[in-house]
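Next comes just one chain, in structure tokens: the form predicted on its own.
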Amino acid sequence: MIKLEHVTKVYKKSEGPAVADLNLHIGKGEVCVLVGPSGCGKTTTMKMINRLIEPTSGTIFVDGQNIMDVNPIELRRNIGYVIQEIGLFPHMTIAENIATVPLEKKWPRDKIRARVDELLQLVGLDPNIYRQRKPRDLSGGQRQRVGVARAMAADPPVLLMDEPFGALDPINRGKLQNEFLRIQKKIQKTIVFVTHDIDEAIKMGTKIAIMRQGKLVQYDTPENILNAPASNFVINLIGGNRTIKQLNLIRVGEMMKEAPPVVELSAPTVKARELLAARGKDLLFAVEKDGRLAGYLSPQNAREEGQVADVMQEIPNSITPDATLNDALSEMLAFGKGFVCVVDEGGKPVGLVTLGTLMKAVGGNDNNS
């Protein structure tokens, strides 16, 4: 889908090339993460793909076409672009922001409205609530979701993402990463993603391009980069605890156990005791009437008389099947328990991850630490 052949960018001859003789092939549907220290050329590389920066030499192809043969404005209309600062127009509604490129492409109004609502649903924002709001009415994480929706509005085959989650706090950053992984599973775009965070690169990328001083140091899958780093520079960039970093390669849905039985909040605790005894379990999930997770009960909690709602313990955090096992570990540490519940998009429990799950996943990898 995207090919860079002997691409070089020189700003000043006295300073040497910002990007030097770069060769890169990004397949259709892949997420290629460009990572490296500041000044390594990763952002310059990404911006050359949509001609925000013109290459000094070399050739860049997008879907088989030389980008220098395409009008730069038209090229950018067909390549989605997400930046850290988001760049929403403050005077426009959320719907108007998302509709920017479709309007430029003169889409029919009814098609634009349908696309706006579809994308808001996709990024987890109710159109009836958020369509007419202004950016100032949204949190940072919500604005970033709108930025992703706007980049996808005209259904471009390629997305460029420049540190899209870098300005968010760690909790919202992790949630948005997982949300984006869920979306990517559905849309299968070809994505070039810039970050300075190797952990984010491992989590988000199907391929990682490690750069240093304008040159490509290693281009490979996250697994191969962790298990066979090409140089001491790559080893130092990865840092310690490579065994723990392996958890970023495994999705929760691949390893989660069957969810414990559930009991409604309004049920008497005798019902909870019966379920625990019948299933031979030491954990029970308490759910709302619509099935959404509310808390959990242990055999100790269930001994008390009353309703489940009165004796359950709250679960402050949960994860989705698209999260990584490293996310699961973080939630366990924050929660102070040896398990974390897995819920679907509607908040209903679908599985369980335990410390045993994590130990099984990293078993045999101690030599990588």
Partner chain sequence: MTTTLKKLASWLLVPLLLAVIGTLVTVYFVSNPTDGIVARQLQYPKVLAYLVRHVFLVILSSLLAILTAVPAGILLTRKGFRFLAPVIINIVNIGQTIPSIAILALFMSILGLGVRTAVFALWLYSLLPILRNTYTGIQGVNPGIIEAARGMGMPPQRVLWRIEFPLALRVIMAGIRTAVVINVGTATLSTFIGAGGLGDLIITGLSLSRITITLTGGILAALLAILADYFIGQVEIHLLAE
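Positions refer to the first chain, counted from 1. None of the values given here were measured: they were computed from a predicted structure.
What comes next is about the form predicted in complex with its partner chain, which does not appear here.
Looking at A278, you'd find every heavy atom of it more than 4.5 angstroms from its partner chain in the predicted complex.
Using a 4.5 Å cutoff between non-hydrogen atoms, R136 counts as a contact of its partner chain in the predicted complex. Taking the partner from the other structure, its partner chain in the predicted complex has a heavy atom within 4.5 Å of a heavy atom of E104. Contact check for T100: a heavy atom falls within 4.5 Å of its partner chain in the predicted complex. Note on the partner interface in the predicted complex: the residue among A294, L237, M255, L88 having a heavy atom within 4.5 angstroms of its partner chain is L88. Between the options N50, N301, T44, S330, the residue in contact with its partner chain in the predicted complex by a heavy atom within 4.5 angstroms is N50. The stretch among 286 to 294, 76 to 84, 187 to 195, 109 to 117 whose residues place heavy atoms within 4.5 Å of its partner chain in the predicted complex is 76 to 84.
Residues from 184 to 201 do not approach its partner chain in the predicted complex: none has a non-hydrogen atom within 4.5 Å of it.
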